[in-house]
Ligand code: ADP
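Read the single chain below, which is given as C-alpha cells and is the form predicted alone.
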C-alpha cells in the first residue's frame, strides 16, 4: 500500500472533507475535531492519525463517532481493509490502544476550550466577564445568555468554557452543547420516525432534562418552522425550570428580520453580549499563547507581522502560525526569520501586493517619498532630514495600523516609546496647523494614497 500521498497536505484535506460529508457533520464540528488531525504513519494494516488534543477523552470521542468513517474512506483510497488508530498529541511515537469512552456522546465539550486558554481583550472583555458570572451561578444570573459576533471570534470557546467550569464545580450537572444544525437534524430524525410519541419523547428527553443547554449559531434555524417550534417549547420548559440556556449567533437577534416576536422577547429576558474582532494587543497575545501551545519559537518581529496583517478573527491568527510551523518543518528551519514567515504566508496573508499596509511597507514608502534611507531611519541619527520622515513613520503606523507606541518604538529600534508619542504629536500638530502644516498635510495624504493603492 502506498501511503505517501497522505503526507500531501491538500490530498489529506480532501480525505478529511470527504469523511466530513460521509459522517454528515457540520463545519464547526469539522473545525473542532477534523481540521488538526495529521497523518502519522501506516504500519502494516494500521493507519495512525495524530490529533492535537492531549485529553484521553478526545480519543474516546474520535473512536466512538468517526473511526468507522475514517476506516471506510481511507481503506477505499488504499484499496485494502485498514484499522485506524488515533494518537494524542502528547503521546509517545509508539501507539497505545485506547478503549472508546462510552460516556462521551454528541454533546462533548472541546477540552481545549476553557476560560484559562481564552485570551481576554477589549473586544471580548464584557462577554468573558458575563460568561464567568453565568458559569458561577447557572440559571440564576443571566438567563438566557446570548453571545453574538463574527465567525472565529471566540463565541464557541466561551460556551465550552462555561460548560467545563460548571462540570468541574459539579460533575453531576448535565451539560449539552450542540450546533443549530445538530438540533435541526435531531428534529428531522424525530419527524422521519413519524413524529411518534416514542421519537418525540426521546428528543425531549435529550434536550429538556438538561441543566445547561448551549446552542451554537442559532441563526441557522430561522425559517425552519418545525425546528423553531421545538426550540421555542424547549426554551420555555428549561427556563421555567430554572435551567441555563446559552445561545450564540453571528449577529444580534434584533437584526433577524424574519424572526417571530415571541423569540425576540425571550432572548431579551437575559443578557446580550457581543464579541468584536481583536485589537492589535489582543491579537499579539493570542499569537504568543498559541505559539507557546504548539511549541513554535518565533520572534517578536514575526508576531508583529502576523498581528498587523491578520485582523479578522482568532481562527485566522492560529491558522497563520500553523502555516509557519508547517513551512519551517518542511524546510528544516531552526530559527525562522521574517522573510520565512512572509514566504510561508504568501498565500494566506493577502494580497501581498502594493495595497498591503504593513509597518515595513510604511517605512519603505516614507523613505522613498522623503529621500531617506531605511538604515538612517533605524539609526540614532537626529538630523532634521532623518527625524522628519521618522516622525511620519511613527504617525502613520499609529494611525493606519493601530499598533501601540511601545510596538512602534520596538520596530524602530527605540528603547523609549515617549519619543514615539512626541513624534506622533508633532506630525499631528503640523497637519492641523493653518500656517505651516500644508506641506506636511499634503505629504502625509500623498503617502496614505500610495499605501492604500489609490
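Residue numbers count along the first chain shown, from 1. Keep in mind the model is a prediction, meaning the values are calculated, not measured.
If you look for the form predicted in complex with the named molecule, you will not find it shown, but the lines that follow are about it.
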- Okay, which stretch from 329-337, 223-231, 254-262, 149-157 lines the named molecule in the model of the complex, with non-hydrogen atoms inside 4.5 Å? 149-157
- Task: Check each of 87, 286, 362, 321 and return the one that places a heavy atom within 4.5 angstroms of the named molecule in the model of the complex.
- Result: 286
- Note on the structure: Of 119, 307, 298, 245, the only residue with a heavy atom within 4.5 Å of the named molecule in the model of the complex is 119
- Contact label in the model of the complex: residue 315 to the named molecule, heavy atom within 4.5 Å: yes
- Task: Would you check, heavy atoms only and a 4.5 Å threshold, whether residue 131 touches the named molecule in the model of the complex?
- Result: no
- State yes or no: in the model of the complex, is some non-hydrogen atom of residue 113 no more than 4.5 angstroms from a non-hydrogen atom of the named molecule? yes
